[in-house]
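Before any questions on how it binds or moves, here is one chain, the form predicted alone, in structure tokens.
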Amino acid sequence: MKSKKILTMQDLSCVGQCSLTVALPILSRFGVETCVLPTAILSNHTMFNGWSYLDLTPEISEIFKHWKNNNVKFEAFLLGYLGKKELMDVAEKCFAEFSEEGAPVIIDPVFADNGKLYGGFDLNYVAEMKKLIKSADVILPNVTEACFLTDTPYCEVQGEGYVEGLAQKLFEITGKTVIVTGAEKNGLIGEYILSNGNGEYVLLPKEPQKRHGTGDIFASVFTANYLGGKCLAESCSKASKFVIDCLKATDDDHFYGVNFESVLNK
């Protein structure tokens, strides 16, 4: 069976394991023909001590011009870290001009965690992201992002019905499939899926360590499985297990990501 051609749009760190640096090898290894639209090039990701940043937004109009001349179309889209409002407008234009009919759009909002916005983001960015996710077929916010997108106070302890309520509010905003990551229940952690009015948890034991880039890895493995015909729950389960295997394969001094390559080779 011919693989789907996907476009993933996010930044590229020359050193460090996140964003395009993980999305491209993972999607490709899973048999997905992967095309990229880098939004920026960083010398290394932001867990390092200082970094350079080259904004590629001015080049995108030229890229689009040549794609149009060559009748380039994509059968799926995965959006990760964007970082600025202008790139949301670019994404909308990309969907409109380069999408095959019925191409699914998967958006990981990537702007907050642990109850706080990442550096460089503000509520104006959140408001624009709330508009962009209406173009998605599947949304992958973590609990913090779901709170910001629904104007819900963040609670470190997730009470009964808390995550389900976040997902329902997001569904009311978008009408699309919502998968809230980092959902906790009964001492386990994973995802809460709300699709076509049906909700379900996919949960696993919680790993103690946290590492940079695991959200990008989850989104990539989820997308590969989903495009390969797996259901939402199985795609989440496989992605979560992959991330856990990566964490277990990573040495303590490997501060800038996880050793996903060794897991991918299995």
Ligand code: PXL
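Since the structure is predicted, the reported quantities are computational estimates derived from the model, not experimental observations. Residue indices: 1-based, along the sequence shown.
Here the subject shifts to the form predicted in complex with the ligand, a form of this protein not shown in this document.
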{"property": "Heavy atom within 4.5 Å of the ligand in the model of the complex - residue from F77, Y81, Y192, F148", "result": "Y81"}
{"property": "Contact assignment for the ligand in the model of the complex, among C35, V202, L232, M47, heavy atom within 4.5 Å", "result": "M47"}
{"property": "Heavy atom of T21 within 4.5 Å of the ligand in the model of the complex", "result": "no"}
{"property": "The ligand contact in the model of the complex: I60, any heavy atom under 4.5 Å", "result": "no"}
{"property": "4.5 angstroms heavy atom contact with the ligand in the model of the complex for Y118", "result": "yes"}
{"property": "Contact of A183 with the ligand in the model of the complex (heavy atom, 4.5 Å)", "result": "no"}
{"property": "The ligand in the model of the complex: contacting segment from 62-70, 193-201, 25-33, 212-220, heavy atom within 4.5 Å", "result": "212-220"}
{"property": "Joint contact, M9, M88 and E128 to the ligand in the model of the complex, by non-hydrogen atom at 4.5 Å", "result": "no"}
